[in-house]
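Encoded as structure tokens, the following chain is the form predicted on its own, with no partner shown.
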């Protein structure tokens, strides 16, 4: 998706690669910006990007983005659609990845114009902190009422795009959006402040690794 321009930031290689998005009336989503993410047990010593409360290894699997494709690297027992894998394997839209004895994640790339992907836990387990889904943010994040958006916001009247521009996260919206007490429309996201529009209200916070 080709979109344009400028302000706020994430930095590769530190905690700013992990963000939590809270959307009023919708829920919470973890945004991961690194090209490689680690999945493992939710414990302090694991230092993983997606900490899951379940019977899995400290570092159980990794997912690497390569162009518009995603590859899962099994560091412990992993299945794709109930078929065990012993080496790196390509993930496809709709695949269910099973970690260990029963932690199940569904992988989707719902929007044809974006290479970003979404992971959702479809077993009884949860992440720490709990979230409704994990967005692997490649180029853009589409939010709104359409079923093929990365995050479906059923009560919104329009779509909103969050996209990467250099080291910044930018906004694209048909109607003005404002942040905190500013009276000027914003085109960039400042971490920790709330972005608001007509029916839109969300904020981003930094996450440390579990």
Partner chain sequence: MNQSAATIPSENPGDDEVGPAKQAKPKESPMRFTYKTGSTPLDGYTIKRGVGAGGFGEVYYATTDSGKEVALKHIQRNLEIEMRGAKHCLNLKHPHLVSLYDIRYDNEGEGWIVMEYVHGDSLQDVIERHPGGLPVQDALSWFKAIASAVNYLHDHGIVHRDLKPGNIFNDQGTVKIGDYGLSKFISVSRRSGQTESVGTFHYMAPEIGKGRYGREIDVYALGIILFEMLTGRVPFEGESSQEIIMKHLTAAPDLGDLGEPYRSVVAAALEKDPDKRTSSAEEMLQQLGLQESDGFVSAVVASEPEPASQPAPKQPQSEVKAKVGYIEPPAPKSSLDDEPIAQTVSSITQKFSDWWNHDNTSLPIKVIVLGAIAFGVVSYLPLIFPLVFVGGVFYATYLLVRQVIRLFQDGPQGGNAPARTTGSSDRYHPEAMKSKYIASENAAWQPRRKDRERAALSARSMHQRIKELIGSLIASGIVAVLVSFVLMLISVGDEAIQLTSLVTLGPAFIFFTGLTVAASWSVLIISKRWEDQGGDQVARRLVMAMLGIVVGLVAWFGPLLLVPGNASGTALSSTWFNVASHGSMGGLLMFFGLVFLVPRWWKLADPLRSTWLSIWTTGVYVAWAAILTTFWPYLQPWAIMVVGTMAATIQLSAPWFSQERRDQQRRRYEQEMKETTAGESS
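Please read these numbers as outputs of a predicted model, since none were measured by experiment. Residue numbers count along the first chain shown, from 1.
There is another form of the same protein, the form predicted in complex with its partner chain; it is not shown, and what comes next is about it.
Comment: its partner chain is not present in this chain, but in the predicted bound form one of 167, 47, 175, 157 has a heavy atom within 4.5 Å of it, namely 157. Proximity of 125, 196 and 203 to its partner chain in the predicted bound form is complete: all three residues have a non-hydrogen atom within 4.5 angstroms. Annotated contact segment (heavy atom within 4.5 Å of its partner chain in the predicted bound form): 105 to 113, selected among 105 to 113, 136 to 144, 83 to 91, 70 to 78.
Looking at residue 161, you'd find every heavy atom of it more than 4.5 angstroms from its partner chain in the predicted bound form.
Residue contact with its partner chain in the predicted bound form: residue 131 places a heavy atom within 4.5 Å of it. For residue 62, no non-hydrogen atom is located within 4.5 Å of its partner chain in the predicted bound form, even though that partner is not displayed. The closest heavy atom approach of residue 117 to its partner chain in the predicted bound form falls outside 4.5 Å. Heavy atoms closer than or equal to 4.5 Å to its partner chain in the predicted bound form belong, across 24 to 42, to the residues 24, 25, 26, 27, 28, ordered by sequence position.
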